Ligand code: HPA
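Next comes just one chain, in structure tokens: the form predicted alone.
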Amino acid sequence: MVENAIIGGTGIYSLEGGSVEETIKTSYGEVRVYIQNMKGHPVVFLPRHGAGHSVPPHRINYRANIKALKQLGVKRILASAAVGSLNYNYPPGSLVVLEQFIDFTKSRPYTFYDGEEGVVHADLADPYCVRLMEALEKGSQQTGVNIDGRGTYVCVEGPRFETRAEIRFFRSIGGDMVGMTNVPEVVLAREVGICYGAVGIITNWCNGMTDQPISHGEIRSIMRKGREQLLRLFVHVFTGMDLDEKCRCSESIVRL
């Protein structure tokens, strides 16, 4: 059993060091993962978009990914997310802990409960594990990785980027950042009782937030720096911190 997993988003496709590749068969399809030892602790790495960023956000097999991690015995997931900023307090280069989400996806399978087990609901009042959020913030102080705050993640279907009108709307309803992948990933983790925490790497301002055009060279530079910082923080949380304090992530299912 491997209790800790990292899901890498855009720009994070592998971990440093040697790893063992495994293909996990699930009822939703096969998933390729990489398991490696970090300071005496086994950690699973799962590249969300596949090797070489080959799978677009709306085609990711989220159910297979989470089911594979559950079958491996994973109890905790830390995930990265490349996002655009809706909040002038979070400029490009910021790292923001995801605290809430608003879902604007349209056509994704987003539950393991399709009626075979009756009517089942998941309580997502606090969708991200409170203990992991606290661990990320405490770990940032211990590692020197700067966390700029917490925020609300607006998830869109993709793969297109948003219009200026959509960005104005997302800001008006309290969004801090926009991305395309965190829902239904966080929902599915909660359904199977896995603690889930995530950090957004702010790569750019959203459309209409500034008059400057998006610089793809600057985004790549931010991603490289953000990748190094996040992986250092995630590894520290999993290998250097006590994560046994009880949370309620495994108690959120309501059966009617």
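Since we're looking at a predicted model, the values are computed, not measured. All residue numbers refer to positions in the sequence shown, first residue = 1.
This protein has a second form, the form predicted together with this ligand, left out of what is shown; the following refers to that one.
S.K.: Just to confirm, with a 4.5 Å cut-off on non-hydrogen atoms, which of G84, P184, G175, P127 contacts this ligand in the predicted complex?
M.R.: It is G84 that has a heavy atom within 4.5 Å of the partner.
S.K.: Of the options F161, Y88, F169, Y110, which one has a non-hydrogen atom that comes within 4.5 Å of this ligand in the predicted complex?
M.R.: Only one option qualifies, and that one is F161.
S.K.: Check, residue by residue, if M180, T203 and C206 all come within 4.5 Å of this ligand in the predicted complex, counting heavy atoms only.
M.R.: So, yes: the whole triplet contacts this ligand.
S.K.: Have a look at 88-96, 111-119, 161-169, 141-149 and name the one stretch with heavy atoms inside 4.5 Å of this ligand in the predicted complex.
M.R.: So the stretch in question is 161-169.
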